[in-house]
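The chain below stands alone, shown as structure tokens; this is the form predicted alone.
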């Protein structure tokens, strides 16, 4: 990789993404928890910046991977903010699962500084991040997308240009809303089948040979629910946030979205019941609790 890169946000997905970048070329990292950035820089032989401004001053391309678009926007301002270090001609890639409106606002502010922006959320989970096989949904000008491909290819196997700024985040929000609907529907259906006397593993096997199958039934339920492992890889609170973005997107487009609305309501209820640290697949746990059954096999 020829560009000097700066990466902000070393969470469960961000850290392996940044690790792939560190293998490609010069990298500087920053994280809100400074100890995590220091530990990462030692392990991957890169540099930890003291502030976002310091990171931007050393980087030709800045990549963010934070919980929300608002988190990204907050890093722009102040004496230690990114805007103080960004130089004209720089490239800003936001891999956050964010919202289109804030992305367009960030893009406008950066354009005033001569910095180009693209929203580039990713899909593939922690496994895809570690393997470097994420799918990137990128929104931006074609010239910006062409420039970004070299950087994004470090941790992805597919980079799909969705359209202008904001469309990458729109695509990710709709994808995650459909994921949420599939999780909730699978939990409800499997709970009913188990209570009716169908072994959970048999139900999942038949479902996966039939037209109702999905990524949730084919991969997530067997790997996390049937064996009772319930790993924590992506917070339910973040999926709830993504569904709210999708609800706003549908509303702005004038599209009625009763299924997405209901999924948002149910996820919000699960989040309140299970807590802020619950994993997104634990929405099925609430279904189990309310049905008085366990989906195991």
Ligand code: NDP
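Note that the coordinates shown come from a computational prediction; the quantities given were computed from them, not determined experimentally. Positions refer to the first chain, counted from 1.
Separately, the form predicted together with the ligand exists; it is not shown, and the next lines address it.
S.K.: Looking at the ligand in the model of the complex, is some heavy atom of each of 36, 126 and 234 within 4.5 Å of it?
M.R.: Checking in the model of the complex: 36, 126 and 234 are all within 4.5 Å of the ligand.
S.K.: Tell me, please, which stretch of 70 to 78, 100 to 108, 201 to 209, 142 to 150 lies within 4.5 angstroms of the ligand in the model of the complex when heavy atoms are compared?
M.R.: Selected range: 70 to 78.
S.K.: Please tell me which of 65, 243, 62, 29 lies within 4.5 Å of the ligand in the model of the complex, judged by heavy atoms.
M.R.: By the 4.5 Å heavy-atom cutoff, the listed residue in contact is 65.
S.K.: Just one of 86, 225, 183, 122 has a heavy atom within 4.5 Å of the ligand in the model of the complex. Which one?
M.R.: It is 122 that has a heavy atom within 4.5 Å of the partner.
S.K.: Taking 4.5 angstroms as the cut-off for heavy atoms, does residue 96 touch the ligand in the model of the complex?
M.R.: Close contact exists here: in the model of the complex, residue 96 approaches the ligand to within 4.5 Å, heavy atoms only.
S.K.: Does any part of residue 238 reach within 4.5 Å of the ligand in the model of the complex? Heavy atoms only, please.
M.R.: Because a heavy atom of residue 238 falls inside 4.5 Å of the ligand in the model of the complex, the answer is yes.
S.K.: Evaluate residue 283 for contact with the ligand in the model of the complex, applying a 4.5 angstroms cut-off between non-hydrogen atoms, and reply yes or no.
M.R.: No, residue 283 is distant from the partner.
S.K.: With heavy atoms only and a cut-off of 4.5 Å, decide whether residue 10 touches the ligand in the model of the complex.
M.R.: Residue 10: yes, in contact with the ligand in the model of the complex.
S.K.: If you apply a 4.5 angstroms heavy atom cut-off, which residues in 157 to 183 are near the ligand in the model of the complex?
M.R.: Contacting residue: only 172.
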